[in-house]
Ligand code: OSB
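What follows is one chain in structure tokens, specifically the form predicted on its own.
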């Protein structure tokens, strides 16, 4: 399939409510949409990195630069037999997986649309009942958090994850557990806000019977996590340091964690995600799909990904309405009884609301 045209489009979307993590507060998302066309068919992808280099060194602006100046020109005009054929073309450029993923996701959607298949079936997905977890930003007080999580539990979420940070941890988790009871899967995400010197503090979380503690130590570490894991009863989940199958293998060998948060943008797209999922299944690692506050395009790719049988835990695919006043896709991602389901249309299964996208657009480049 010859890659005839690539369009980059940045949009700005307002969040329904501010979302706070240890990195800061997000109220507006600058998102790059990528479309690739061939033979009258167009596939869509999304670049899901943040606006500032907190979670990753990549930002919306660095991704735009790399895509517009290097990555898109490097692949435009090439005739590919399958989506993964794009990877050798991008191999000369180190890093920037979120930017590369924007192109690779669009190619997988393009191929599925050309084959007249839903993407989830095209990639070999089999699961149709997909448990949904909710990620809760840091609240102003333990009492405010407790009130909020009770409201969210009533909506049916299969797992509630609390963002925590230094000084906003034990009391908050205690309040949430007390409010939710012991029958709710509760987890925490530290986003690298702690060190090994906090081992005793983190050990206090064992009493709350969490499903896992996500990324408590440095964003690029798997060695210290192995040390920490030996001191805790609660399983550790790795997020930021996992950029490839090789990283997962190293983590397994070291004993750094028994749970993997797989973010499709962080590992460069579907191809690497599928390899990681297969390996996690072989090794008996718990696996779930993390979110980056994506629009409906990115969420649709996430939904398709977690239909693979190796995904064993609730994933961050909360309904679009949880985060956005108005999403850019039709249909939006929804949840019923704590579950979402694969989208039935071809490709990622959603139509883009081009009129709304045009209103939200701040820049466009067509190659």
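Positions refer to the first chain, counted from 1. This structure is a prediction, so every number in the text was calculated from the model and none was measured.
Form predicted together with ligand OSB: not shown, discussed below.
Participant: Find out whether any non-hydrogen atom of residue 310 is located within 4.5 angstroms of ligand OSB in the predicted complex, and reply yes or no.
Facilitator: Looking in the predicted complex, residue contacts with ligand OSB do not include residue 310, since no heavy atom lies within 4.5 Å.
Participant: Is residue 301 close enough to ligand OSB in the predicted complex to count, meaning some heavy atom within 4.5 Å?
Facilitator: The answer is no: residue 301 has no heavy atom within 4.5 Å of ligand OSB.
Participant: Can you tell me if residue 191 lies within 4.5 angstroms of ligand OSB in the predicted complex, counting non-hydrogen atoms only?
Facilitator: Yes, residue 191 sits close enough to ligand OSB in the predicted complex that at least one of its heavy atoms falls within 4.5 Å.
Participant: So, in the predicted complex, is residue 58 in contact with ligand OSB at a 4.5 angstroms heavy atom limit?
Facilitator: Output for residue 58 is no: heavy atoms all beyond 4.5 Å of ligand OSB.
Participant: Choose one stretch from 79-87, 148-156, 168-176, 183-191: the one whose residues place a heavy atom within 4.5 angstroms of ligand OSB in the predicted complex.
Facilitator: Result of the contact check: 183-191.
Participant: Even though ligand OSB is not shown here, does it sit in the predicted complex so that 7, 46 and 113 each have a heavy atom within 4.5 Å?
Facilitator: Answer is no for this spot.
Participant: What is the one choice in 273, 211, 261, 256 with a heavy atom within 4.5 Å of ligand OSB in the predicted complex?
Facilitator: Only one option qualifies, and that one is 261.
Participant: State the residue from 142, 125, 291, 118 whose non-hydrogen atoms include one within 4.5 Å of ligand OSB in the predicted complex.
Facilitator: Here the answer is residue option 291.
Participant: Going through 316-355, which residues have a heavy atom within 4.5 Å of ligand OSB in the predicted complex? Please give them in sequence order.
Facilitator: Contacts from 316-355: 316, 323.
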